[in-house]
Structures are given as structure tokens and as C-alpha cells.
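What follows is one chain in C-alpha cells, specifically the form predicted on its own.
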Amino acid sequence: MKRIGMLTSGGDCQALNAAMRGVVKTLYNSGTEVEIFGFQNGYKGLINSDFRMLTNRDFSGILTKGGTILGSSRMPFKEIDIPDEKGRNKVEEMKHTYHKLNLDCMIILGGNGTHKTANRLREEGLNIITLPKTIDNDLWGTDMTFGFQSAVDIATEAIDCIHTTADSHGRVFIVEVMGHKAGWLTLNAGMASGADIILIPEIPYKIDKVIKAIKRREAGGSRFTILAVAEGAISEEDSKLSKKDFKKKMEQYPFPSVSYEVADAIQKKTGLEVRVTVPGHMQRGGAPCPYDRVFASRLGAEAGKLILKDEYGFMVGYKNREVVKVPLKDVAGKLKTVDPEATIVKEAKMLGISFGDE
């Protein structure tokens, strides 16, 4: 008998259900007797011992379903040692639930913060296996995360739709794409949709260079310009500020987001009409694309195999087109960001895309 706990933590995304389905189907198809404890709303469920027993039937028909059947929530790692509203030690409560239910392991699906907490639980002696979920694709140790390709498809479609109205009205359009610390989503969606300018956190922009790119298009006869801007994009001036000074500036920030700041500067310096579109949480929603359905299923199957072999303390990742196991201790606390010198960036520049830096 295998007693398996399972939870999804952090922001939701496509293919969470597909990944969980992959784990469970692999276990059931092995002929092993299994009990699945599904914890509700992320780590909160583990803290509060809030779970429901799941059977194979619960994972039927969810391959194409977005979101998560278990619910999710955020629990910042920096607050992990701060007592909860009831004064309880969160880590000790999670350990207590794990041992009270006599679990063999926990399957934890999530992004960077989730992996930090998962590694903390591993250090506390719990058997942990993680699966890499995030639309940002910024988890270290894996070339790809599930949810990313689905989000790229949605962001790409949003920018595609903007092209026709931008051309019709001869305007500058900014589409703000999710990604606070990493620009993978904006970079890929921007390239896929033919954006003219892409601004990402890893490459601080100069507004004069952005305007130069717009004017270059005007001189070439183009009626419009499309900018794909990551929500974490930052100007060269702001990138040089200390964390303290930047935080102070943001406390008095007059714009809803960086895209509106860029739009305001372009309008003031050029007189051009600029519009901002923010797809927002649409990028996390809806059914997973076919790629993510297959990818998440493969990761889930490999996680099931690790459980059957009693191999714990790993994230199931993807390197060089192969599913691999990566020590969880090597993953936690590390970000995979876009290298400004990466070949994909250089190739985008060859295509004439401006990153606002030159």
C-alpha cells in the first residue's frame, strides 16, 4: 500500500490536472494498491489537515481541464517561519499532518516559492517529489515548465488580435505580458506574434531607443508598432537604483504598471497615439494546449515511477528533450532567467526586433 499526499501551490496554470492525472494513472496501472490524499488549497491544506480522499475516477476527464481540482493558494517562503493566524508553527503543522496520515510521500506541484517550501520539508525529513509548474518558465533545473506553452499561445493570440486594430488606426499598441522576474513568456509570445519591440526584465530598456525603433518603422512606411512588454520590464535608470530607492519610487508610482509608463513617455516624446492592452490572468486560464497535455502527462508518469521505486527528494524536470530527475536541493531558490546574450535574443535582433537597449 502506497499512501500519497498531493497538493498544488502558488498561481494556477494550465495542465496542473493533467500532471496529477499522469501520477495517479501510473500508480494505478502498476497494480500497486494506492491511497491518494488530495490537500485543498495548497500548503494551507497540509497545515490544516484539510484533505479529501481521491480515487482513480477523480482523475478521469481532467486531462483537458484548466486550473486545479485541488485548489491553490500562495504561501510566501519568506513567511514560512512566521506563525499563522492561530499562532501555529507552519512547518511543524505540515510535518504533523504528514506523519499523522502515515504518508509515504508528498507530490507537490508548483513554481519557485513552492519549491523552496518543498525543499524545506525535504530537509525536515519528509519524502518529497515535485513537478515544475509555472507560466513563467523560470524554474532552474528544467528547460520547460508545464503551463508555459499554453500561456505563450494565449499571449500570442492576444498580440495577433491587436495587429489588425493597430494597423487599421495607425497606432502604437503595447500588450503587457505576465512575468515579473523572467522574460521567457514575453520573449516567446513577442517573437511568435511578430512584435516589433520586446521589453523584458533581463534587458533594461532606454526609452529613447524604444522611440528610435518606432520612428524607424515610421520611416519605413509602417502605420503601426506593436510592443510586447513584460510586467517586470524595467528602464535602465531604474535598474541602477538600489532596492531601497526603487521601493521608495514604487510607493509613489503614478502608473498602474510599467506598460503605462512606457506609453506615457512615448506619447509625450512623439505625440503618437498609444494604447495599452493587458490580457492579465487570461494567460493562466483555459484548457491546456496539446503540448502541455502531453508534457505534463510525461512528467506525471515519471513522478509515479519515482514513487514506485521509493526515490524521493527530486523534481521531475526536462533537459535536452528528455525527462530527468533533478535533486530538489539544487532547484530551490534559483531562477532561470533570459540571458541577454542568449542565441534566441540575438536571433530576435537579427529579425529586426528591438529590446530597447541599442
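Numbering starts at 1 and follows the sequence shown. Just so we're clear, the structure is a prediction, and the values are computed from it rather than from any experiment.
Below, we turn to the form predicted together with a small molecule, even though it does not appear here.
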**Message:** in the predicted complex, does E231 come within 4.5 Å of the small molecule, counting heavy atoms only?
**Reply:** yes
**Asked** Can R120 be called a contact residue for the small molecule in the predicted complex at 4.5 Å between heavy atoms?
**Response** no
**Message:** With the partner left out here, check for me: in the predicted complex, does some heavy atom of A166 sit within 4.5 Å of the small molecule?
**Reply:** no
**Request:** Examine H281 and determine whether its closest non-hydrogen atom to the small molecule in the predicted complex is within 4.5 angstroms.
**Result:** yes
**Fill in**
With a 4.5 Å heavy atom cut-off to the small molecule in the predicted complex, the contacting stretch among 234-242, 218-226, 175-183, 95-103 is 175-183
**Complete:** Answer key, the small molecule contact in the predicted complex at 4.5 Å (heavy atoms) among A263, I162, I135, I107: the residue is I135
**Request:** Using heavy atoms only and a 4.5 Å cut-off, determine which of K209, K247, K268, R74 is in contact with the small molecule in the predicted complex.
**Result:** R74
